[in-house]
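Take a look at this single chain, the form predicted on its own, given in structure tokens.
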Amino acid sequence: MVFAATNSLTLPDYVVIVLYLIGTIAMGIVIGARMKTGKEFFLGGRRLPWWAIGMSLVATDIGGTDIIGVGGAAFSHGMAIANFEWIGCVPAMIVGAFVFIPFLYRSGVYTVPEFLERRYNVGVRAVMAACWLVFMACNLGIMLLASAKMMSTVFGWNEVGCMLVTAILVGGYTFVGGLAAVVYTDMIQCGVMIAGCLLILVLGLVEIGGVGELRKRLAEADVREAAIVNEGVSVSNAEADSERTSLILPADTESPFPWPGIYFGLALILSPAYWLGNQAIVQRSLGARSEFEARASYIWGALLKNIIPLIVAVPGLIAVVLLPDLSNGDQAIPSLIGVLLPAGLRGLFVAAFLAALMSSMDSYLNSAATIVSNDFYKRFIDRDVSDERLLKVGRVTTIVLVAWAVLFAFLLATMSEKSGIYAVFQTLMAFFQGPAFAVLLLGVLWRRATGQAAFIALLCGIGTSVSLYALNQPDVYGALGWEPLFRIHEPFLYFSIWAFLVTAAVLVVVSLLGTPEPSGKLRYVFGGHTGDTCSPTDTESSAGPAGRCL
């Protein structure tokens, strides 16, 4: 369905959009004028306040793809998608605030892969850095394409033009201002994003008649759908309502969010892997002014996270009632704009969508540049590179990544993808996040874990998740004469469970069969450090024995 005809923007809409863009770019340029070294570009000079980092964490996690994808998943599968915020974010962020983030902050590293080299070896660092770089680079293209399609469908804008303008704007202020520009612009973008999504939620509930009426009409919609599926057999409202508005779904649900996957795949693996090991997330807290502020940033972000399902997922349920004939869940949020927002207010939502898109893109751009500069260039090409030279490498890498994102977006546009945006994003992460978390968790909790074992286990875990994905494709298991490995649609949560278990098992067995690590490595295990803070420039990748900084 194309709503461009009814969604034309008026002069006030464009004024809001232009003011937002000018304000964001101006802030990035002002901050960038002070950038002189790599430390300032990659970690904001370790002068970032907790309140700005916390809002940046939220803005980074909820991008333009999430506004479309989460609302689309809620339209297709119900409120179980809210588990990705309430169960999949808040608990891990609280644990991170009190346990992992202070530990990583004291190590003085720039990146999570750098920490893994200190604990294990350079092979583990290289594999993890490569995984994160590939994921971030691909995700940049996904973000660009998703935003361009949304703006093209809703407002009739040229899709190619949307991609190019967005890439230039985001790449521009990230190139100039580094992490500091990213965090402070994210702070503004977080506020704009919340305001725009809240506008859709409130107007949608007003249009329907309140929360009670929404639940009633959702139950009626489910009864109609169940009757069609069961060829007219009567289904009670209670039975129909059970999945659409429930957070906990049975193991045999057709939804991608059954309770075993949510609790074991999301809460215990993917969520902590994301919030404790994702370079784009952790890098913000590493730039805090102190260990206390690094902790406070995660707690503040967790508090803000509690409102996200209400303003992003519930509009997807509103679309079930107001727009029941949509063929694709990813059309839900864009379509609601044409139905709910009067002329003059659409600009606010466009600004909110641009804010969500830009906040995620700038974060991945800066973090990917950090990995290339520190985990590859400084580690393997020039160990004695100056901080000023590293700043230039980071900025050049930013330009290259922007160009790649545009090219990859064009490539994706030529492909046919039946899955929703959110499922594609989560499947990409499931390939390596389970193994990454197993290696990180055992490394900081178990003294006996060895570098050789971690490297072998990491490769085995990634191979497991990719193999499960391949064997679950209809063309593959059909050719082999097998039944599907998983009954649910898009079983990315189960990929992460099995990959985590395989990685952990291999790491334990190979570690016990091998030689224990030297005492220097054990300083990166909980309880093995002195409590002193490393300088971010004092890394074992530059010189010196393992563990000399902690």
Partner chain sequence: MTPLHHLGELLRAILKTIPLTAIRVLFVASLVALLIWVVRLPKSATEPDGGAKRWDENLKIGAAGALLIQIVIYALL
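Residue numbers count along the first chain shown, from 1. All figures in this text were calculated on a predicted structure; none of them were measured in a lab.
The same protein also has a form predicted in complex with the partner chain, omitted here; what follows describes it.
A.B. asks: Using a 4.5 Å heavy atom cut-off, which of 396-404, 281-289, 82-90, 133-141 contacts the partner chain in the predicted complex?
C.D. replies: Flagged stretch: 82-90.
A.B. asks: For the spot marked by V211, V320 and L323, is every residue within 4.5 Å of the partner chain in the predicted complex through some heavy atom?
C.D. replies: No, the candidate spot makes no contact with the partner chain.
A.B. asks: Among V95, I188, A219, L205, which has at least one heavy atom within 4.5 Å of the partner chain in the predicted complex?
C.D. replies: Of the listed residues, the single hit is V95.
A.B. asks: Using a 4.5 Å heavy atom cut-off, which residue among V339, V165, L459, A296 comes into contact with the partner chain in the predicted complex?
C.D. replies: Only one listed residue qualifies here, and that residue is A296.
A.B. asks: Taking heavy atoms and a 4.5 Å cut-off, does M27 contact the partner chain in the predicted complex?
C.D. replies: So M27 does not count as contacting the partner chain.
A.B. asks: Can you tell me if R448 lies within 4.5 angstroms of the partner chain in the predicted complex, counting non-hydrogen atoms only?
C.D. replies: Outside the cut-off, so no.
A.B. asks: Does any part of Y263 reach within 4.5 Å of the partner chain in the predicted complex? Heavy atoms only, please.
C.D. replies: Yes, Y263 sits close enough to the partner chain in the predicted complex that at least one of its heavy atoms falls within 4.5 Å.
A.B. asks: Heavy atom to heavy atom, is N306 within 4.5 Å of the partner chain in the predicted complex?
C.D. replies: Looking in the predicted complex, residue contacts with the partner chain include N306, since a heavy atom lies within 4.5 Å.
A.B. asks: Counting only non-hydrogen atoms and a 4.5 Å cut-off, give the residues of 315-334 close to the partner chain in the predicted complex.
C.D. replies: The stretch 315-334, when checked against the partner chain in the predicted complex, contributes no residue at the 4.5 Å heavy-atom cut-off.
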